[in-house]
Every structure is written in structure tokens, then in C-alpha cells.
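Just one chain is shown here, as C-alpha cells, and it is the form predicted on its own.
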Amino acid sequence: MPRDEETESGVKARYADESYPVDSWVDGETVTNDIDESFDFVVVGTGAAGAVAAHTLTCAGFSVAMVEEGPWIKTREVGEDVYGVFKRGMRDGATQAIEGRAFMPLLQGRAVGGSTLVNSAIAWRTPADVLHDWSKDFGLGDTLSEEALAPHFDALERDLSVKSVDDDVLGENNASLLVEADKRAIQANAIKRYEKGCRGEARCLTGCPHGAKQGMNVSYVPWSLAKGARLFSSCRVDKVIVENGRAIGVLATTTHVFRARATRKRVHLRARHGVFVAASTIQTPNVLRRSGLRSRDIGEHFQAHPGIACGGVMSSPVHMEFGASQGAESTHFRKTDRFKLETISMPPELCAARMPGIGTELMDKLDRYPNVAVWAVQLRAEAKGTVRKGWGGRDVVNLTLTKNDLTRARTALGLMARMMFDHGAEEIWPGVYGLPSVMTSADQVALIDDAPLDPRAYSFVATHLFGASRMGPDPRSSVVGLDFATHEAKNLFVVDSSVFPTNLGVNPQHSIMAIARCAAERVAANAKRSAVA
């Protein structure tokens, strides 16, 4: 339910997503007529990439349209109901899955702000070794070097108040991981996040109810509107219009309610200088296909960071309902074993899905929720998959983890289980098929070391997505050139993580935003030079 928040003076707080020119937002759910408008640039998507690109272009003096498939869920609409937010703000109500030898839940935001509405706002600069590999192995040269990206990271960190989690909102779930890592001489730290005034309510996963998390929905989107951009929400882009080898606009459709019947309206947005596609690693390839591009590399080289969690009941209270949703991490093993350890505080509804047992056994576990801790592994998988178009416009993603991936995940899971027992866990839940659903002693963890190397035995979830429209100088092995334009169509730019040649081993939002900002700044400069010429 919407809430009123008052300052000490008794005046209602005004959130950032309530401050924009009245005519700058077109809500597709209420549109009654077809739309035909012209802009300098059209940006498809309002997530980490699209919102930053739109803001950069707007600040450069261009007229910009932002097109978002999902609704704009305002801060005052965010409540404690997990199902409600997931239903409105996540693709397929959070039921999307990767196919392969095993099904893997695939979580994507589908709302203004994209996944930044429902993620944990973690800020990691692109690791230097990753940029080196992109330069050396994929022909990117100095296109995305540390020097090239540094000023963009600096600007983002200033704009979005990036800082490490404060001690007063760290919470026990996060603090306990740091304690155990220190005992084992494992490098670990409080997570850096985009936030202003976090209250430690551990509700990042369902949208911040106070507007403290600096997702795109409360930052770059309304900031762009204040500078003259226009937002078209609840509009699905059917295709980019390409004529004579050049992108000149987009065609979209919108749904609104009229006399109790859903009616789709046509939205034609013309682009004088170009179209930016930032629809995500999954949706971007199929937008390009629907737009007539035929590169054999579209939808190839898909990668992810599959995550797997370990829950446990501690001997003393943890109270996951307090603290940063994700406040502690370790990249100690990122290079050697390709995994990252992190915490994740889960609300009871989501935690229940991770708890073993049914009926009275499950009720008993829920009764002990105050003592439950959840830690997770983020795996830099070496597996590569595909993104295809399915029936009815459905996005079909296929990926099967390799034996090496599973061996590393098993190692990390065993490490977390031992750390939990060392911290006083009375029982842990490994979540591996064929093993006891509940382990009550550290001696049992040895069973994890011999767990099957079959992806069907593990409860992986995918949220960090890469590739499928990757960047490179050669049209025979890449989709997007070093100027961020597709090899097949001029002025059709792709700026989301689908252009990344590989995954990162760290959370990608910061890299996505910096690269999008870099791309938009370069395109804007070129457009100005062309106008003068």
C-alpha cells in the first residue's frame, strides 16, 4: 500500500520519482490514441544502461525519448508484498527460466529502472584483468580501457553516492560473514552500494520503500525528464526501423485499459541521430532480429553468473529483516576459483522457498526465521549459451554449466557450509539433491565435497547476464563495432551488457552504467561534429 512519510516539520517527503515536468511522462497503460513523435535519439530500455545513456545524451543538449516495456512503479507504491512487486516489476512475474540440462530461474526487472528497481545496488568497477582480456583476446584495444572508463566511474559514484555499507546498517547476516572470513584470512569487505540514507530494512529485492537505493527509477530517469527527455512506459518495442542501412526510429505498442478491454496502441518514435538499444542481454538480441539484422552472432556467446545459496539456523538471532540486503562480500577466489562469496538477506516469503521440508517441518523452520542466515556464491561460469526467439515472441535462453563450473560451485558451497558451522550454526541447508536436506554437524559437510557434478542437483539462480550481442572489430565474430554501432546498421547503438565479450566475476551494474555513459558521450560528440560539418 502507498505510504505517507513525513519530515520532522510534518510535511510529506517528496521522492525523486515525483519530481519531473508534468508532460514528460507518457504512461502507456492510459494512452487512448496512437503516438507519432520525433526526437534526436530514442533509447530502448530504462535500466542501468538505458537510463544513463539517456541522461548523458540529454545533458549534451539532445532531445531524447526513453521507451520502457514495463510500468513505472513509484516509491510510494512499493510495499512489503513480495508477490505484488514481482508480478508488476519482474519479467514473467519472476517465473522466467534458462533451459539446458537443468532449468535455472532467470530474474530480470521489467519496469522503469529495469533490474535496478529490485537489485541490491552493488557497485564494482570492471576488473583490470577483464578489460585486459577484452583488449587482447577480443580486439577491443583501448576502446574500454581503465583510463577510458575511469572518468565515467568517477561521475557515477558522485551522482549516486557510492559508499561502503555503514556499520549501523550492516546487520548480523552481513557481519557474520566478515567475521568468519577474517578467521580464515579470506579477504572480505563491506559492499559498496548506490544509496542515500539507507535505513537497513533489507528490502532492496522488492524495491526501496524510502527511495534511498539509487536505482534508475529514482535517479537518472527523473533527472533526464527534468532536463527535457520524455518517458514512454508500458510500451513494448516491436522493432527498430532501419531504412537504407540506417536506424531512424522505433515502432512500439502499448496496452491501456478502456471500457474493461485491453487495447494496444501504436507508438512511432522517430530518431534523427540514432537509436540506442539497452533492452538487456536477453531482450536486445531479439529486438535486433525483429529489426531485420541477420548477423550469425546475434544471440551467441551468452554467459552468466549463476548463484547458489546456503541457508542456516544460527544459535543466536540474525534478524535478516535488519541490515543491508547484501552488505558483505569476498572476491578472494575470483581469479583462482572463479567465484565470489556474498550475503543476501531474504524476506520470509522468499526464504520459505529455500527452506527444506513441508507441512509442520516447514512451519518449524519458519518459526526459527529470526535465527536464519543466508550466504551465497556468485559463480563466474565458463559455460556459454544462446538466446533465441521462441513462439509468441518468447525469449528462449539455453545454458548448461560445465563440469569445471560445477566443481567450483561445489567447492564454494562446502566452504560456506563450514564457515556457517564455525559461526555457530545448529543446522545448514545445502540445497543439493542427493544430500541430506538438513546437515547438523560440520562432519557432514564432507558430503558436499563429493556431491554430483550434475547441474540438476543444484538450485542455481541467474541474475547477472552477458554477451549475446558482443562487441568486436570483425563483423564475422561480433554484432557491435568498437563505435557501439551494429555492424549491419548505422546509428543503431547497443550499450547494455549484451556487448560484453565475457562475464566479469563481479556484479555488473557499475560496468554497464560506465560503458553506457562512455558510449553515449562519444556518440553525442560525433553527432555534434556531424551537425557542424
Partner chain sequence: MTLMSFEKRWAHAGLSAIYPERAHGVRVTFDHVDASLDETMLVVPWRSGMGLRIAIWMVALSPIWLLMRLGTIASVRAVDRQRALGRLISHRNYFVRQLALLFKAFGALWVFRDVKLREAVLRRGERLITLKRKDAGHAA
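Numbering follows the first chain given and starts at 1. In this text, all values refer to a predicted model and were calculated from it rather than measured experimentally.
One more form of this protein, predicted in complex with the partner chain, exists but is not displayed; see below.
Undergrad: Residue-level question: is D182 within 4.5 Å of the partner chain in the predicted bound form, judged on heavy atoms?
TA: Judged by the heavy-atom cut-off of 4.5 Å, D182 is well away from the partner chain in the predicted bound form.
Undergrad: Can you check whether V387 is within 4.5 Å of the partner chain in the predicted bound form, heavy atom basis?
TA: So V387 does not count as contacting the partner chain.
Undergrad: V82: heavy atom within 4.5 Å of the partner chain in the predicted bound form?
TA: Residue-level check for V82: yes, a contact with the partner chain.
Undergrad: Can L453 be called a contact residue for the partner chain in the predicted bound form at 4.5 Å between heavy atoms?
TA: Outside the cut-off, so no.
Undergrad: Would you confirm whether the three residues A155, E488 and N491 all fall within 4.5 Å of the partner chain in the predicted bound form, going by non-hydrogen atoms?
TA: The answer is no; none of A155, E488 and N491 reaches the partner chain.
Undergrad: Answer with one of S316, T336, T360, N244: the residue that has a non-hydrogen atom within 4.5 Å of the partner chain in the predicted bound form.
TA: So the residue touching the partner chain in the predicted bound form, by this definition, is T360.
Undergrad: If the cut-off is 4.5 angstroms on heavy atoms, which of these, D238, D137, D92, E426, is the one near the partner chain in the predicted bound form?
TA: When the partner chain is considered in the predicted bound form, the option within 4.5 Å is D92.
Undergrad: Tell me which of 272-280, 307-315, 348-356, 120-128 has residues with heavy atoms within 4.5 angstroms of the partner chain in the predicted bound form?
TA: Looking at the other structure, the answer is 348-356.
Undergrad: Do any residues of 364-385 have a non-hydrogen atom within 4.5 angstroms of the partner chain in the predicted bound form? If so, which ones, in sequence order?
TA: Contacts from 364-385: D364, L366, D367, Y369, P370.
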